[in-house]
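A lone chain, given as C-alpha cells: the form predicted on its own.
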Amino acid sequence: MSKGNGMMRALKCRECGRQYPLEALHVCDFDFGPLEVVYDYERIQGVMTRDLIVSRPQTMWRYRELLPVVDDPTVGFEVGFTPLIKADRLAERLGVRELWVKNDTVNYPSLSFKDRVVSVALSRSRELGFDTVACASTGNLANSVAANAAAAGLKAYVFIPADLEQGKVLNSLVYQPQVIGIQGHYDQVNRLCAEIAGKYGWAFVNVNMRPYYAEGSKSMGFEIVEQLGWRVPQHTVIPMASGSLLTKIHKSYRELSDLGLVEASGWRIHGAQAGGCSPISQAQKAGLDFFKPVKPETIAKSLAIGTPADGFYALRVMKDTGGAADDVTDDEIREGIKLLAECEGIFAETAGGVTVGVAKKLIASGKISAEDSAVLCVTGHGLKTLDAVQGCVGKAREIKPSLREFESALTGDGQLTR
C-alpha cells in the first residue's frame, strides 16, 4: 500500500465541501453528495510544464500530476494519446468550417475511452491494497475492466444487463473474468453492485472507486488541447451516459487554463444522447437544471443509463459554458455511424453515431456556428456493435469469377448495379 498522497490533497463532497481521506469512498456521509479528488494545484504549477509533458511517452500518463495516483501507474501503461483527426470531408457534409474527431475507437487494449478510467481506477486500487476489482457496465467498461485486470493479474467481476450486445459480452468473456448478466436495465445492475461493494469490500471502479475512476476521463481533454497546439477548442461535442465524461473534459480544460498551460478562453461544451434514453438532453432543451429518470430503450446501449449519476453536473457545465444538448433517433444513430465511416474511415459504435448525429443538429440549428471549429468525441469501436448496423449498410454483390460478368455489373460511374 502506498504512503503519501502524491499530488492529491483529499476527497471533497461536490455539494457541501466536506473533505475525506483518500480511501475507497464515493459519497458524503452528511448529504450523500458525490466525492471528487482535490489536488494541490500550487505544487503542480511548480512542476508541470509543457516541456515536461512533451518529453514524456505519448500515453495518457504524460499528465500524471493531474491524475489520482500516488506512484507511477501499475495498470494501463500504453493507454491514451489516441489520434485527433482533422475531419475535412465530414466538416463539409455537416456544414462547419473546421471539424476534428478525437478517435478513441483505437484506444488500448479494449478499443474504447473506458481504458482511460479503468487504468486509473485499477492503478489506484492497487495502491489501496485491493486484489479484486469489479464494475457495473453497459458493455465498454466491462470489456476494459476484464482486459486490464487480466494484464495486471487482478481478479475481476463484471456485472452487465443480460440483454447486452453479444459482441460486448464475448469481448469480456475472452479475458476470463467472472461475468454476471443481470435481468434488468443498467440502473438495476448499478444498485445491486452498490450492495455487493458494501458487503464484499471489492474495488468497484464505478462505485467505491468512482472519485478516482472518473478523473481518468480528463486525459481525453488534456490530449485534445495538446494535439490542437495547446488551445482549447471552441466547441466540444461529447456523448452522455452518466454525464461524467462531459464534466471531466470540461474540468480538464479548466485545470490547464488555471495552471497557465493554455490561454484562458471561452469554450462551449455540448452533450449528445440517444432519443431512447435522453434524460439530460431533454432537461437541457427544456431549460431545466434537473432531469427526470427514464427507462432506456435505444440501440445505443453504451449510453443507456436512465438515471445518470452526473446528470445534474452535466447540465450545469452546459449552462455555464453556453453549450447545448440534443438527441437522435435509432435511425439517425445508424446514419451517423455510416456518415463517419464514409467520410473519415472511422467505424464507431452507436455512441459515435449519437455524437455525429447530434453535431449535425447543433450545426444546422446554429448552436455551433458554421464559421466555428468543433471537436467530436468518438468513444468506442464499431466492431463492438455490429448488430446495430446489420442490414442497413448494404450487402456484397455476388458474381461469378468472370471479368465479363464483373464489367456487365458496372454502371457508367464505376458503381455496381443492384
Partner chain sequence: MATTSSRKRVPKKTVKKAAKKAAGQDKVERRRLWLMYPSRLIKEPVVWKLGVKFELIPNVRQASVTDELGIVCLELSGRREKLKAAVAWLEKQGIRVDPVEINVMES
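All values derive from a computational prediction rather than experimental measurement. Numbering follows the first chain given and starts at 1. In this text, rigid core is short for the largest set of C-alphas that superpose within 1.5 Å between two forms.
Same protein, other form: the form predicted in complex with its partner chain, not shown, and the subject of what follows.
- Residues with any non-hydrogen atom within 4.5 angstroms of its partner chain in the model of the complex fall in just one of 323 to 331, 265 to 273, 79 to 87, 202 to 210: 202 to 210.
- Although the partner is absent here, Glu344 is not a contact residue: none of its heavy atoms lies within 4.5 angstroms of its partner chain in the model of the complex.
- Interface membership of Glu127, defined by any non-hydrogen atom within 4.5 Å of its partner chain in the model of the complex, is ruled out.
- Proximity of Gly139 to its partner chain in the model of the complex falls within the 4.5 Å heavy atom cutoff.
- Within this chain, Lys301 lines the site of its partner chain in the model of the complex, having a heavy atom no more than 4.5 Å away.
- This chain is displayed alone, yet in the model of the complex one of Thr307, Thr74, Gln234, Gln282 has a heavy atom within 4.5 Å of its partner chain; that residue is Thr307.
- Residues of 239 to 269 that come within 4.5 Å of its partner chain in the model of the complex, judged by any heavy atom, reduce to Ser242 alone.
- Positional change of Ile160 between this form and the one not shown reaches 2 Å or more at the C-alpha, relative to the superposed core.
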